[in-house]
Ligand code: ARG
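To begin, one chain is listed below as structure tokens, in the form predicted alone.
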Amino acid sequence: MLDFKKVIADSIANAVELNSDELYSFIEIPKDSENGDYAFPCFKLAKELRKSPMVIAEEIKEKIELNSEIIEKVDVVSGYLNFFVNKSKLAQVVIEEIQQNNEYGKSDIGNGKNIVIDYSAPNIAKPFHIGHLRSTVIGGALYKIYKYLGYNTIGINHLGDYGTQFGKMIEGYTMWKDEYNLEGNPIEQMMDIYVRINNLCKEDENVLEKCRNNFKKLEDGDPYCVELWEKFKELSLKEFEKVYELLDCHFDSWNGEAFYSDKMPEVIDILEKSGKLQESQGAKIIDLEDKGINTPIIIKKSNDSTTYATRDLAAILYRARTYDFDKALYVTSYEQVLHFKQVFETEKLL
């Protein structure tokens, strides 16, 4: 493969009459791609040439001879020579190497390091929609890339399998179960139940309160609520697995929100001891205004049930202990930016 750094080092060596191998070791890759593909810091030559880096850079630029088919241009910026590679030539060189090397790009840079990737995460009892497809495809690609780089990669499908929505599902199914056969086209059937009960909740506050209480009973282990919830989950996963099979997407953990139900009390206890947890209209919150976040994070609702955020906090704590990760990635939609700002800032208290 053509070594662009070698081409640059040889060109500089010819211009200043110095050893090419030593110059090669000085060449860097700029942090900002706008500053070129390679950079040569001229202060490395200041002592030997007895000139300022800026003067050296200008003189080399005047003398240097470059093949425009390999290096398009060279700029001088603050004592650096910034080299821009001809992209057509680069593409040609890379394609040739890929054709000759079945393991192109593979490395062991991640050897001994753990990376947790949280992606896909559909809600059970609802259709797998385009937003989940995006997260699934991007997350699945990252999973395979990190594995290819030698990392011990853990793919997690943090299923949306908890929350007030399941209190609604339980209520709706209890009211209208004779109208539905969940064994035939289950996602569509469950979604229809959810839409109906959700609309009823908007019309009748008493029904909404029953749904909230159903979720509280689910958290407390009520046998009827748990049995129904497990049924909704089992039917949903069968449908989701068909999609994952098509996408060749696999997970090492299917621990969704419900998995953390018995792990949240510790989180709440730690937050209590931090002195940051405060009461607001019967709920437990943490004010993050001093961190530049105007919306407080709700840790516990006024009826004592937990929130999506509490479960995310418990998940990070569990993953840190279980996987001892070097990095944890979340592949989610942009709409969740505020949520994760709140969670990551609160996580520092744990």
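Residue indices: 1-based, along the sequence shown. Remember, predicted model here, so these are calculated numbers, not experimental data.
Separately, the form predicted in complex with the ligand exists; it is not shown, and the next lines address it.
- Heavy atoms of Y330 reach within 4.5 Å of the ligand in the predicted complex, making it an interface residue.
- Within 4.5 Å of some heavy atom of the ligand in the predicted complex lies at least one heavy atom of D118.
- Shown alone here, Q336 lies within 4.5 Å of the ligand in the predicted complex, counting heavy atoms only.
- When contacts are judged by a 4.5 Å heavy atom cut-off, N123 counts as touching the ligand in the predicted complex.
- The stretch from 37-45, 305-313, 50-58, 24-32 that comes within 4.5 Å of the ligand in the predicted complex, counting heavy atoms only, is 305-313.
- With the partner omitted from this view, the residue of K233, K89, H132, R212 that lies near the ligand in the predicted complex is H132 [heavy atom within 4.5 Å].
- If you take 152-185 and check each residue for a heavy atom within 4.5 Å of the ligand in the predicted complex, you get H158, G160, in sequence order.
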